[in-house]
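Have a look below at one chain only, the form predicted alone, in structure tokens format.
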């Protein structure tokens, strides 16, 4: 563990922006909300944020991405496309780091998605332990309020300085190259551990049972009337899908130029709450009913992906609850209601 004064940390970030060839991303304010965006100066960085509108997943699985281009003008040619911009992303909260680790499993351990993998390999993640908590978040109940892995560097605010945990050789390399740091003594290390140990207690919203019970709870409540009741208010807008750090579904379309000789294959984010998500070429829709789509989202987060990969695909960030206009997307509220019967 290392120490860096806050003014020296700003100098470190400015050095990355001016000298390092990688694009530097950080958390910035947007009105009274926060976003991940390109940093032009270290002074734009907000490490005291509660939650960002979209997760950093957007840099590895972009909302719209060209996968290949083809040309029939002369000879038939197909070119695979992977637009990779090396990134340094600063200010990632632990729940988003854990979500990215889940996405790594999805895109590496089943079908290897080289577009996603290359983008992850070319990135450096600098995390920050949570200082302010979103009122919609229940990460403390999901075991995602802190993490010991998934980062290259991790910051903890100590007042006039940051403690820095080193998580990789890449993180250590940029720290040694651009930052003025000192070694942390035993008292500082203990202080960081105390701070991290108290973060979970900051979350007012809580799951009223251990998350390990979710798969069985959802299985037993597949026919619960709550799905139909809540779905009556659902707008099928897909906002809960689009802001989620662990949703990874996408649609693929071929876009042909007017000359019919050239075109490209593009993938875009998709979501199970959208009406056409489960529609197939014949016109059949396997989840035409709105309640079935609503139920599927929660079953997928708490049971289906657990059965397949072994993790609960909800990190408790609260983005879906914040984005949902009729207030029916909050997993904490839904799961607690199912438990209460």
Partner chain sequence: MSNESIYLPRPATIKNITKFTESESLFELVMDDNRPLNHQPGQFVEVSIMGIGEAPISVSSSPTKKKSFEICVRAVGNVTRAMHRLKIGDKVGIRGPFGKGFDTEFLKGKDILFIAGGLGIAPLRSLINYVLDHRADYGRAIILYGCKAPHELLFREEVISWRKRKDIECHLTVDKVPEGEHWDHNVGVVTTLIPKIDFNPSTTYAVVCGPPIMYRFVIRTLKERGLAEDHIILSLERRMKCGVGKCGHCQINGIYVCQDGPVFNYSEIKDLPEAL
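Everything quoted here is computed from the prediction, not taken from an experiment. Residue numbers count along the first chain shown, from 1. We call the rigid core whatever largest set of C-alpha positions still superposes within 1.5 Å between the two forms.
Keep in mind that the form predicted in complex with the partner chain is not shown, yet the notes after this line are about it.
Enquirer: Looking in the predicted bound form, is the partner chain within 4.5 angstroms of a heavy atom from every one of 113, 248 and 279?
Expert: Answer is yes for this spot.
Enquirer: Taking the partner chain in the predicted bound form as the reference, which of 194, 185, 213, 254 has a non-hydrogen atom within 4.5 Å?
Expert: None of the other options qualify; the answer is 254.
Enquirer: Ok, 304, 311, 59, 49: which has a heavy atom sitting within 4.5 Å of the partner chain in the predicted bound form?
Expert: Contact residue from the list: 304.
Enquirer: Does the partner chain get within 4.5 angstroms of any non-hydrogen atom of residue 173 in the predicted bound form?
Expert: Although the partner chain is absent here, residue 173 would stay clear of it in the predicted bound form, with no heavy atoms inside 4.5 Å.
Enquirer: Should residue 270 be counted as a contact of the partner chain in the predicted bound form, where contact means heavy atoms within 4.5 Å?
Expert: Residue 270 belongs to the contact set for the partner chain.
Enquirer: Is residue 42 close enough to the partner chain in the predicted bound form to count, meaning some heavy atom within 4.5 Å?
Expert: Taking the distances in the predicted bound form, the answer for residue 42 is no, it never comes within 4.5 Å of the partner chain.
Enquirer: At the 4.5 Å heavy atom threshold, is residue 107 in contact with the partner chain in the predicted bound form?
Expert: Output for residue 107 is yes: heavy atoms within 4.5 Å of the partner chain.
Enquirer: Report the stretch among 150 to 158, 177 to 185, 91 to 99, 76 to 84 that approaches the partner chain in the predicted bound form to within 4.5 Å, counting heavy atoms only.
Expert: Contact criterion met by 76 to 84 only.
Enquirer: Of 212 to 236, which residues get within 4.5 Å of the partner chain in the predicted bound form if you count heavy atoms?
Expert: Counting only heavy atoms within 4.5 Å of the partner chain in the predicted bound form, the single contacting residue of 212 to 236 is 222.
Enquirer: Is the C-alpha displacement of residue 74 equal to or greater than 2 Å between the shown form and the other one once the rigid core has been superposed?
Expert: Residue 74 C-alpha, core-superposed: shift of 2 Å or more.
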